[in-house]
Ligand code: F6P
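Only one chain is shown below, in structure tokens, and it's the form predicted alone.
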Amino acid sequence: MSDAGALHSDAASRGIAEDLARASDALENMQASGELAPVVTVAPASPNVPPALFGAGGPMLKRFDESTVASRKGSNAPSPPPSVKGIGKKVAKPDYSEQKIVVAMVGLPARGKSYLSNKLMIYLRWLEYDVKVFNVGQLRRTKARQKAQKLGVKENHTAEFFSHSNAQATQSRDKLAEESLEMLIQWLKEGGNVGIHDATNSTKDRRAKIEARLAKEKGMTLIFLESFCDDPATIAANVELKVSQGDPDYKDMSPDEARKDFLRRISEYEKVYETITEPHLSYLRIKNVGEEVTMSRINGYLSSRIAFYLMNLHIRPRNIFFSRHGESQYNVEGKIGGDSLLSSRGMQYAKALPALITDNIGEKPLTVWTSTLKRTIQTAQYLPYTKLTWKSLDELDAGVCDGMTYEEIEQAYPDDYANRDEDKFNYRYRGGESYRDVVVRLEPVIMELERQENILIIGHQAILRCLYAYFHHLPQTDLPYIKIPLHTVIKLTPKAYGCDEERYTLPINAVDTHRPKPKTAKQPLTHSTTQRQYFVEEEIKPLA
């Protein structure tokens, strides 16, 4: 090193030492005046080493850590620096374009095939897969109705039509099944992800034809789903459902005649029915809707996801109750997010809730699920039931907007405020979540809900909107605007093709936190139908 360089280095070292000495003197003066608690200083080993009070584990560092504890508690919104522009972005829908799965149902009539088809469709659509059920019975009835309207010819679809000894009818049914499958394949080619072929497919010959046809298509996975049922009570209930829900096949029959004819139809199918035993097929065999499940050759992410969902289904009678927490202090102040306690009116709701639930559930067992946040745990505290806490049930994370009012958000982030109003489902707060993110993290909750019987979820507005949309099969665009008011219990009773709903509002005032869908007078439906569809909804296009 040159003499000039050495002199420069020595000068720099002396400068650092002098700065540290001045800092140390200032600290000692602050201690002497009582502005700072005394600390023990250790003389540096050399002029280039800072005093230990500035080092890792030193008393000043410890003092700093303790001083920041208060700022780390609670969930008050931070004040972002002026350089932070915008609070988030729109989240794109996942790319599922490579997923092409055909689920071919197998089973006798009145064994729950359409129930499983419908449930699987709702679940996968909730996760944003493009799913469609191609029901051969719907296609048959739709074509028969069109023929009657155009030609005045009424087809006879009583039990005789389903007899294997009726060669002409068998040929007609085979043609309908093949046409339905071709419609499904074409739909997958146009962008669909999962096509469900809802038919009996009850012989090895029919299944071999499906397998051979799908083998001609590149990138399509075939899974057979057999619904096997030997429980007389379940079969009888399914027969009654068929007879009582207005099946057009029995429009001109009395209920007793319809019942007898449908039982004869089942008998005709039983004569030729062959359960799945083909060792090379990919299949699930579900006995009595959840009592027992057999799987063979199920591979891949989406196929495994489908299998796991179906394994958790059951049809035992049950109720699912939804309730938001009681009114919170943040609700009163108009703030979002946070972990505030209940207001005085919220506490009134918590004390009144047990009587409302016991009046509706009686002596039946019930489990209460809450989030990890104080306001839901407080609301549940007086309920005399087993309670479980789920992190997955925590409210949508508002990120940097946590603890702010909507007015404050609009003032601080006008562009993002407008963008979220424009596409609320897809919009993700900066450092937080979108509704789409919440749906993904709620999937384990849905799985467990399908396994359970009577459940009461005390949750948050966004969380309950997502769960409600699943059970009522509502579209994502409507999901963020579903009205879930405070101090109200929503009772859902799952049925074969939907949910019945009742609402109970306690006479305890609360603020209204609902923000309606902007720029349109049309608001989301509050419930869906539980009626089965018997005709193809859209116009049937001739296949090329």
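As the structure is a computational prediction, the values presented were derived from the model and not from experiment. All residue numbers are counted from 1 along the displayed sequence.
FYI, the form predicted in complex with 6-O-phosphono-beta-D-fructofuranose isn't displayed, but the following is about it.
Scanning Leu366, Leu116, Ala462, Leu181 against 6-O-phosphono-beta-D-fructofuranose in the model of the complex with a 4.5 Å heavy atom cut-off leaves one residue, Ala462. Residue Tyr435 is the only one of Tyr96, Tyr250, Tyr435, Tyr309 with a heavy atom lying within 4.5 Å of 6-O-phosphono-beta-D-fructofuranose in the model of the complex. The stretch among 454 to 462, 286 to 294, 152 to 160, 187 to 195 whose residues place heavy atoms within 4.5 Å of 6-O-phosphono-beta-D-fructofuranose in the model of the complex is 454 to 462. For the candidate spot formed by Gly337, Arg375 and Thr513, every residue has a non-hydrogen atom within 4.5 angstroms of 6-O-phosphono-beta-D-fructofuranose in the model of the complex. 6-O-phosphono-beta-D-fructofuranose in the model of the complex is not approached by Glu226, whose heavy atoms all lie more than 4.5 angstroms from it. By the criterion of a heavy atom within 4.5 Å, Tyr406 is counted among the residues contacting 6-O-phosphono-beta-D-fructofuranose in the model of the complex.
The closest non-hydrogen atom of Arg324 lies within 4.5 Å of 6-O-phosphono-beta-D-fructofuranose in the model of the complex. Residue contact check for Asn135: none of its heavy atoms lie within 4.5 Å of 6-O-phosphono-beta-D-fructofuranose in the model of the complex. In the model of the complex, no residue of 270 to 294 lies within 4.5 Å of 6-O-phosphono-beta-D-fructofuranose by any heavy atom.
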